[in-house]
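As a starting point, one isolated chain is supplied in structure tokens, in the form predicted alone.
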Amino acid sequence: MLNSLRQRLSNIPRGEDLRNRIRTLIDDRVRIITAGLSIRELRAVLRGDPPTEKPNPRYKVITTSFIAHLRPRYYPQGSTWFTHTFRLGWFTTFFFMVELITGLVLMVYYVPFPDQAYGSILEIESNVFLGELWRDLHRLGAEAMVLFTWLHLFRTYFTGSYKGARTFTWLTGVLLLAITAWLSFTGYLLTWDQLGYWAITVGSSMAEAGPVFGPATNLILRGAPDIGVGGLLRFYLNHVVLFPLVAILFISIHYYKVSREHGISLPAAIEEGDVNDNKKKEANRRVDLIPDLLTHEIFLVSVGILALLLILYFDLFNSPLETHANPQATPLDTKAPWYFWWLQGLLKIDPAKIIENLVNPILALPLLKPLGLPPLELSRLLNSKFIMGLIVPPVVVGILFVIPYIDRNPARLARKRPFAILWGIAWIFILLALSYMGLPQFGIETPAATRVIQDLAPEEGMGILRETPYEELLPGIYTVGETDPDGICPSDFSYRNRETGEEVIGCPHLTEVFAQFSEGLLRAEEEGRLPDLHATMLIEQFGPELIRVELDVIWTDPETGATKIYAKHYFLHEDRSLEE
């Protein structure tokens, strides 16, 4: 037995032979993991050195790797120029991956039931490790994905990269834009706060305006006449299962067409311009995926993650969470996300009223009066919500679909397609104008007293009243038009700021609150909207470390002559947070 053991031990290599065998064993495992790259080749890839073996093992990776085979071995140099693509398509895919990763983390802790959804969001932000960061990354990534999808679409349009073999790729891109918008729309409800609940309530109500199938469609969307358990569960499954899978499918098709069939378009100036041969040769020079583009994309991933973290670190963006959804109280200034403002702007357009305002003055002309023509009334025939909410948006998407078939001009250079360029610029301005019209302040007249107090202390968010430090809330009754805002604070009053430790002289926050309160109401009185105005701001000590602020506005209704009263009260604790 001992002889057998000695013989086996004698067969074990020693010294350099042992090191070579271990090195070979590790190298073989590395080649298996990397689909053909040795340790030496990996070092060369990271350094940007030429291949260390023949045939080129980097091409073998593209052939044998399941993931890498989706990419071509090389790209033309011109298609990789930053000023041509701005990496917009790449960043759209990057943000989609951010959404998948952060969404999977959040999904573990989220409970899709109305009585638990809001609490689970609070739980994520409060008790889950880095939960608030994950949620902020998810929301920021979603908005960035929408933005970059639009920008990528515009870039493709203005460079004429939707022509010829790229027509089908354009169609999948438009579909991906619609899928991205729907993913954002369905995710808005999941917080189950006032903003999400009412934004989805207004948005889904457009389906009810449709003829014949409208009510049934609305019922399918909501799961009930009003949004509840069924509606939240439907939106949740749409957001986390169905449409992510649909998005992955169309991203795969879109990416396959770009990477494996026609490639990224070269700049139009290279294909059709009068550039010299050296420039064209440089643009068509091959750039290998490994290592040139791969290392560049790793750099872009680093830049993207760093940008997201810096934006959140410097508090340039956060995920708002308003009060718990209340179906019985419609909040003021409810608005959709910025990328749906154009749709809200459309809903404020009443085509029936526009036609009536154009035609009825003509019918009232003395020349036509003997005919006895009645005024035109189209409001019953033309449902503005149906037309502007269910007809116009699909038409806009349809126009995007058929652009490659409408634009038969084979040229891609901007100077050879002036109408297409002007048409695109016009649509951008139309979208911006509609988005401006979609703001809550546009076209919606809020009663003067309500508007002034809402600006001081909005129903959702902080406002300057809630941001006033506790020390400045000096008890008293301050009357608009009688009390001088600058005289509210005693001349010798000062306090020490809790956060900075600095001494603050006077009460600048309270002075600003009362000044804005007074100016807004007095301006409305001058305009005749608040005649016989009498308004006060009452501040009183309501309890230990608790201040009660009451804003009262009394005026005479200019139409009925009746006395109107509008009052709001707020309770501000000493230890409340002064941050949004």
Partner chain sequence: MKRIHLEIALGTIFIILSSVVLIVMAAEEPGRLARFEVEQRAEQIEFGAAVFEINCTSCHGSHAQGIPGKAPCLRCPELFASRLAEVGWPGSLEDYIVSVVSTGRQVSTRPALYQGEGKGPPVMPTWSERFGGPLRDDQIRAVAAFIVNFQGWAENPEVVPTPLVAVDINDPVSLGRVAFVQYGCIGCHAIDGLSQATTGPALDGVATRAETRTGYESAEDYIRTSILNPGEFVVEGFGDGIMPTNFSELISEADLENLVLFLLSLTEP
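Residue numbers count along the first chain shown, from 1. This one's a predicted model, so the numbers in the text were calculated from it and none came from an experiment.
Below, we refer to the form predicted in complex with the partner chain, which is not included among the displayed structures.
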property: Stretch from 90-98, 245-253, 345-353, 325-333 whose residues place a heavy atom within 4.5 Å of the partner chain in the model of the complex; result: 325-333
property: Interface residue in the model of the complex among L42, A524, I539, L533, criterion: non-hydrogen atom within 4.5 angstroms of the partner chain; result: I539
property: Contact assignment for the partner chain in the model of the complex, among N278, N127, T500, S491, heavy atom within 4.5 Å; result: N127
property: 4.5 Å heavy atom contact, L18 and the partner chain in the model of the complex; result: no
property: Close approach of D292 to the partner chain in the model of the complex, 4.5 Å, heavy atom; result: yes
property: Exercise: R23 in contact with the partner chain in the model of the complex, heavy atom 4.5 Å; result: no
property: P55 within 4.5 Å of the partner chain in the model of the complex, heavy atoms; result: no
property: Partner contacts in the model of the complex for 472-508 (non-hydrogen atom within 4.5 angstroms of the partner chain); result: P475, G476, I477
